[in-house]
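Each of two forms of one protein chain follows alone as structure tokens, named structure 1 and structure 2.
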Structure 1
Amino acid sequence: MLPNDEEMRLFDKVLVANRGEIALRVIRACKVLGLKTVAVYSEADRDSLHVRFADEDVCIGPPAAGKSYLDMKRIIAAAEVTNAGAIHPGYGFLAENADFAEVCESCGLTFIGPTPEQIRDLGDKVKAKEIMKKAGVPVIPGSEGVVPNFETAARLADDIGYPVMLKAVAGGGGKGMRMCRNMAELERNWYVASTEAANSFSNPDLYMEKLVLNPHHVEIQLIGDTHGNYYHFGERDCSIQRRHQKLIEETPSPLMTPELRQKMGEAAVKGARDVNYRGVGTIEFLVDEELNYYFMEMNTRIQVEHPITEEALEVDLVKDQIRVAMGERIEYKQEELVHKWASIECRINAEDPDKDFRPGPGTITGLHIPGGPGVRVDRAVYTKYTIPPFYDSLIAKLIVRARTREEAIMRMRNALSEFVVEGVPTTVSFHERIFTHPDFVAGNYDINFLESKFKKLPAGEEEPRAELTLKRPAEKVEPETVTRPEVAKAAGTSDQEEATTRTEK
């Protein structure tokens, strides 16, 4: 639908119920579609860029998120007073809150996301696992539902076999998750995880899964419209994590094969189709060393790391997300949704890596943003902008794309060297270390990379640094050209050596 086809539209003004770079990203997508925008902001965000570039803006309360960005009544009131017809929740805050989606619908507002029932069912990790299992998607062995007490957990752990993982039913962001390698750890962690889950999600319920050793965290991006069309956009590898928080994402995954990509993509679409899923979503899997994959959870929103999929496949996921909410038909050819580029993203946070990543809010006194071909920076900060202490510490998302993974890594190294932020601590130097680490460059990593291979060096000791030799790129990077053997060769490792390395991991 063209931007001037006003008579067919369900809405022509969108309220963005979020802040920072994702709010600005949504505003830009709305403008491409010819839609008016409304920014909401707390008193701490009065000078934010999303406020400056929206068509209208409304202050919804004091800095505390609970009295502003998480206050449903204030956001609905802002939509009504500005005559907005739809609300885009971004990610975080109310993006996966089924009650909020329900309130939007009851007030005659289009919620740009899945239905309340889909959010509720897929947000419950136990129920989501049941849904995916019924759809034929492989799931991790574990409890059939909530584990009611420690005694049941102990018997179940013996049946499954250690190690096991306790997880909060309503969890996210690593909260309420504990690994247990034996009975003593299970007893200790059961009460810790339950208490953390209750404090974080107002729900102490836990379930149990077999712990998959040394896995990759691989997610499949998908979309479904209201006309029965479903597509997937390949994978993102999100295995570089710290305390279950993603730090670096890349696509294609160095683990992936064309056959595995097809299987996982088809499984994700099958799971979404079985619940008539609406909008963009991401199904997250754990992939073990033998390339077995298991459903982990589904995120019913746009992801923080969506830009690498946009760059690698040359699509606009946020625009498509809004188009689905407008009732449009999304038309792709699945066989044409292939990687044209290799793309990597790292999250630049206002944190001090030398002080256990302690957040460092404050005023940015100097800022230089990297540029050049294949470099994208999603941000909402500027010189003299004050990073408030009330929200997450994200400064920017640095995204690069190139014809090969090796060139993308080199481009990321250069971009990081140009990224200058003065006045607050940042994770730039931390990322620079990762992108020169031989194992990362070789694609030889899993979710335990930072704990197992990325230690703080003693004073005076130099860190190993991988050099890159860039090959002449082909006309187009097909998914099958970016596989583990290719990566190993680029790092100076033979196929046999690479296979041995994987076996010994």
Structure 2
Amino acid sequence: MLPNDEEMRLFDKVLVANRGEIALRVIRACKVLGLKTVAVYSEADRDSLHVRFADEDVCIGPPAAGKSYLDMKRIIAAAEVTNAGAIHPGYGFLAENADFAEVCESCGLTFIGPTPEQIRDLGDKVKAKEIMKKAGVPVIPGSEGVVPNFETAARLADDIGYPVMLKAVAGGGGKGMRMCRNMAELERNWYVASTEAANSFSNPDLYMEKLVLNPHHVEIQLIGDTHGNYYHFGERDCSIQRRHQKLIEETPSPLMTPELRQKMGEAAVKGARDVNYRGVGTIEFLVDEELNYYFMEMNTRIQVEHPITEEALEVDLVKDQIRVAMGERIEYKQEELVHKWASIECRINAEDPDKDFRPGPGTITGLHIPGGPGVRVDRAVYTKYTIPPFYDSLIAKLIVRARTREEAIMRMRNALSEFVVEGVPTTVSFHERIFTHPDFVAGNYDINFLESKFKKLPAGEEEPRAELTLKRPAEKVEPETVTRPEVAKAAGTSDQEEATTRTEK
């Protein structure tokens, strides 16, 4: 039953306030929904695919992000001259800028995302923690909000027990965070951390948490519509990170059990419901070796790694996100939102792993994109495309899916071996090393994997290689009999018919 008119946020044209693969991804979802699209681009992106495939395009300025993709006035002006009724922010840039969401709404534009208040509150690390704690979501033991001075910090740390983490309220993504193993380190770090926070974030406030040892970064994908419907789409394990940059994401997590997935999913839905969350969102948790899970942060945007959830559960999250903004009801049955596949994503960046991942922008002189059943490559590059130096270095997201994690790893290895990019350095070879590492293959990793198990080897020393022998998966694995980390085979579908090449062109 459609909601009555005043609830429908009708628009027929969406301005995509982003670039690269996510801009293309949003354009594709808009087309599926019969919506017109407007691309905005900087002079550096004149030859980009998102410009080519949008119905209309507007140049919004010079290459510098601050004068283009981050410039609210230019983006709003582009929406007005093209008569777009909605703006999709993608990820990064202005996607989690509450002021931008507010300006859109005040200009009569639908911001495709949560309300400005939700972006503001859930983007505040301390407020988000308070909201989640009130909703009954487990949070990391620590201070009740900001720690006012060192004396209080010392007393708190004694109560919590070392080691503790000092975190800048305005920090994030690993910035403004310091571990303290004892009082001496706490004293030293207290003054450094608050000065650093004042300088980096113009806010010196710190809060404290017990250190969660050797955790996994496990995030839960959720959605809420404007009719009281909330769902979760299971987890993504994003523990393989380098300097807080995610490199590999997978679902299901090797750590997960059906019981833990249900508990974490329900906690995430409860948190969303308690704030009437609108749109798609992700709640990040730290999960320790005893499978204790703690709220870490909430992301109020569509995330880079959303495709593995789409592939594993056979959903279209970006389409759902836009449908919520149009006022439609999202009608899933939570019990049907289960893994039909295992899915893994590698971020292929134009960076040189042998030169400390130094970005290597430039022209792609040769390109072969892998394919075959269960292979999807979300990208906005093409042969002779020039990767500009002004933005991130993402070339493509290589996503695979298969009925088991083992087979997905095989598919990923093969796809990586097929992936040819000439003219710029890439991280393909680095990913190939990870996908043959015995600990990764065994699912035996946590956030410290790259630092601890992937150290630079002395010259000439060979890395351990894990050979995978594919166990013949059981013909019909019914959901209730799914064991970790097997995934349920969707009843009645055959790999071949389902696993068509899902390469995003």
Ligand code: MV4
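Between two forms, the rigid core is the largest collection of C-alphas that superpose within 1.5 Å. Keep in mind the model is a prediction, meaning the values are calculated, not measured. Please note that residue numbering is based on structure 1, beginning with 1 at the start of its sequence.
Enquirer: Choose between structure 1 and structure 2: indicate the form predicted in complex with the ligand.
Expert: Looking at both copies of the chain, structure 2 is the one that matches the description.
Enquirer: Consider the two rigid parts into which the chain divides between structures 1 and 2; say whether Asn229 and Gly85 are in the same one.
Expert: Both in the same block.
Enquirer: Mind giving me the turn angle of the little rigid part against the big one between structures 1 and 2, whole degrees please?
Expert: Rotation of the smaller segment between structures 1 and 2 is 13 degrees.
Enquirer: If the rigid core is lined up, how many Å does the C-alpha atom of Thr195 shift between structures 1 and 2?
Expert: Reported C-alpha shift between structures 1 and 2: 5.6 Å at Thr195.
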